[in-house]
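Okay, so here's just one chain, in structure tokens, the form predicted on its own.
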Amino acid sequence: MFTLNYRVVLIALLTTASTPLTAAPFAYISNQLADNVSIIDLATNKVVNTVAVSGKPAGVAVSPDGNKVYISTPEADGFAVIDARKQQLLTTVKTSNGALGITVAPDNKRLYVADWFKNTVSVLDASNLEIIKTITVGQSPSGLVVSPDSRWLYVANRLDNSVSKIDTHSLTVKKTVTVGEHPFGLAIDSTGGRVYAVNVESDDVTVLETAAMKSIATIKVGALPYAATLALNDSRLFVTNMDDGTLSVIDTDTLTNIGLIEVGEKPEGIGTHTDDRHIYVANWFDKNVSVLDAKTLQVTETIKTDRGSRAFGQFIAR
């Protein structure tokens, strides 16, 4: 294993006037301590608007068509909906008082919200935002991902050290398996064949083969890893290490850790540009987003956001 260390170069950004969103892709960064969401135009890597969202916004999910953005609000007992085209808060929805993880199915039919305190996942109809069912899972569910065909939902149960697989047709838990200590973020590959569980307390990633829900590898990463994203045709997995201020780079063919890259302080949320090459990392303490080239493994830009940039989930439109 080799280690690559690159210093983040801070690039001052000019203040940009708000303009309507007319094209994708955009990134939506929840700034938890500032109670707002920064909207970044990924063509220019500039913040084009900031939308106020009360309730300590945390989780993010962008609808597949890019028209709506769902932001979990733990202190407002649910989530907010942003109209991406108008850059405005559209509505708020009550689910429960521990809303954190949030995701929308690739077919855009259902929305899923995890409740940290009640150990449940709420299933909502994305067309009318009404709750269809509430599913009991493990203790303190956090990260959520849906398979590319929208058939399966995977839930990281942090305090149970497990991941649950939910049948989205019957809305029942099919299987729950043990992973590392305190799984938080999840990533799923483009075929739906693998799920990567990021384990905060054991400083590693569990690789699950989804058909049988069996662990095929455990890969050590940095200190307090939180979330992960795939890039370069699923050949690389990038993991945020909150306590190290770094990203671990994993080769998904050999399932080995092949590099370490310095980003900002306390990185958490991470997502991949639609070009499958550029990685965006929300740095909680530094109030910014690092931009990384997945091919060169160099940080190319830093984008100023606001206090407590978290962006937990899928914050870039597909």
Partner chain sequence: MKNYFALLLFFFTSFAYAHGPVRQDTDETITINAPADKVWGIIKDFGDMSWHPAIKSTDIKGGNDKGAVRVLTLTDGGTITEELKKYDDVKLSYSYKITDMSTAKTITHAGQEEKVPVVPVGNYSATISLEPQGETTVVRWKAGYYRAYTNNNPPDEMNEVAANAAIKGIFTTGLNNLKTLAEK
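Residue numbers count along the first chain shown, from 1. Here the structure is a predicted model, which means the values were calculated and not measured.
What comes next is about the form predicted in complex with the partner chain, which is not displayed.
Within 4.5 Å of the partner chain in the model of the complex, a heavy atom is found for none of A105, L208 and Y280.
In the model of the complex, no heavy atom of R236 sits within 4.5 Å of the partner chain. At the 4.5 Å threshold, heavy atoms of D204 stay clear of the partner chain in the model of the complex, well away from it.
The partner chain is not drawn, but in the model of the complex it has a heavy atom within 4.5 Å of W116. At a distance threshold of 4.5 angstroms between non-hydrogen atoms, P74 is in contact with the partner chain in the model of the complex. Though the partner chain is absent from this view, in the model of the complex it lies within 4.5 Å of a heavy atom of just one residue from Q32, N49, T272, T252, which is Q32.
The contact with the partner chain in the model of the complex, taken as any heavy atom within 4.5 Å, belongs to R158 out of R158, R110, R194, K165. Heavy atoms within 4.5 Å of the partner chain in the model of the complex map, among the stretches 87-95, 129-137, 238-246, 169-177, onto 238-246 alone. Contact residues in stretch 274-297 (any heavy atom within 4.5 Å of the partner chain, taken in the model of the complex) are W284, F285, D286, K287.
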